[in-house]
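Only one chain is given next, in structure tokens, and it is the form predicted alone.
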């Protein structure tokens, strides 16, 4: 909070004619409201100011304010556009808000200021109908272009049963098929050059190299990629809309399905924000249990990635070995949580239940078993001449380009940026663990593999420290908003029984406010920005996933390479379609 007045003072001195209104939030991120007409100049100053240097547009989202019960709310608006900026120099977030009035408002685009703002503004337009003047291609991005309405507006139905039965008549089928036709002119692409005709090639949406339902339209000159247009949204399931429908507690299983290879790590990103809103401090035992499970899932996710990446570039054997080792991790997860890929085990204020008897022996076996396997995988994949030829010097980018496009995680560390949120902005007790941050310097497909392979070794170090230093204590906070409440209190008196009954059936009532978490997930920075108006469910759930900006950068790092190289680039990014589309 010490930095907030200095930011406000700098802004007020620089923009004397602009009215800045500061807002207090539960996460203590400096938050300011500014007029829409000043958004470009203010953000440009924040980005280029040598003192603060908010060079990273972390997230951009919208809020439909029309149904919100106002608690300490400072600006009248029908809609709000929220910009989260991050300064690596200051290790500090700042939140800028713009209040908008009207049924379908507009404000200036910042796509020319931050490259990764392009997709974020398209998403806000798609979900809310808010227009961004000056955007180069303001078109739907997650919903089909034939979709009627804007799903995150409050009047839009949350359930399919509220819309009526779906009917696909012949005329509608023809219209939908025509909408899928790619028109190069709409994207500023030419059909030919002075000396050659360009070919347009569909990769996907059903293609093994896209790792899911993803379509990429390539503009080719022979085998060389001139440009590419990713088409996403095939996996969109309304994860943020569901957060407005489910209770704070019953939404936890939905988070598992976002980065579906990250398991409980999705729970942690969500619950850290909920616990900030509720003012819950979890016991030390809970923190260590959570860290141990998260790091096991980080290893499991990296195993899937490395095995399928090797398969993309021509090696078939590694994926079988690595999936076998992933099953050994799932055996531990199943013994502790009862589930495997989607255990849904973390809870508000703690975890579902305490560690079972015998958990130590399972973890100790894996800690001893896995290091030799990592050496084997290094020899099998990283030293393979074909793998090197297909990945070295391919899809490279610099540190500044990575920040401009919103790259986080291993992709950022592979181009020389020594940054990990577990170290620089520790959460859940990570500040008490001893581990190193792997860094490479070429920023290509090969170095992204180098970083992730070493990350598995560091995650194993963290798991071993959890094993050897697991604290005693409760597995859930002694707080009335923890869910479900501790059973031993239910029969003490009628008030505690009623509280238990309501918390289990309705879910907890989280105090009004807003908070954002930020964790180092398996694929990069993942966060939940939650807005509560004092109800049993969130008023707004915003999920910032790492895969979304990473996919936006793919055309930029693919130009000039071949179609075969594109498959190497896609594999190296380590995206999950549900993490992109939500």
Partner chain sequence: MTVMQHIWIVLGVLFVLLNIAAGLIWVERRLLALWQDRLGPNRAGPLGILIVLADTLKLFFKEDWIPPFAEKRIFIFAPAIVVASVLLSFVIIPFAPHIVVADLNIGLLFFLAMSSLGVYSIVLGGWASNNKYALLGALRGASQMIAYEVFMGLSLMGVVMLTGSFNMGAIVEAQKDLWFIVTQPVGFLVFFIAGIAETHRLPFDIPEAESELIAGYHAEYSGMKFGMFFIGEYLGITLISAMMVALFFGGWLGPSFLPPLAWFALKTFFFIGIFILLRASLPRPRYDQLIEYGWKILLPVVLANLMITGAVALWMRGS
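As the structure is a computational prediction, the values presented were derived from the model and not from experiment. Numbering follows the first chain given and starts at 1.
Just so it is clear, the following notes concern the form predicted together with the partner chain, a form of the same protein that is not shown.
For residue 208, a non-hydrogen atom is located within 4.5 Å of the partner chain in the predicted bound form, even though that partner is not displayed. Using a 4.5 Å cutoff between non-hydrogen atoms, residue 80 does not count as a contact of the partner chain in the predicted bound form. The partner chain in the predicted bound form comes within 4.5 Å of no heavy atom belonging to residue 400.
Looking at residue 564, you'd find a heavy atom of it within 4.5 angstroms of the partner chain in the predicted bound form. The contact with the partner chain in the predicted bound form, taken as any heavy atom within 4.5 Å, belongs to 312 out of 240, 404, 256, 312.
When the partner chain is considered in the predicted bound form, only one residue from 99, 394, 450, 113 comes within 4.5 Å through any heavy atom, namely 394. Only one listed stretch (422 to 430, 115 to 123, 360 to 368, 217 to 225) carries heavy atoms within 4.5 Å of the partner chain in the predicted bound form, and that stretch is 217 to 225.
Contact residues in stretch 357 to 396 (any heavy atom within 4.5 Å of the partner chain, taken in the predicted bound form) are 384, 386, 387, 389, 390, 394.
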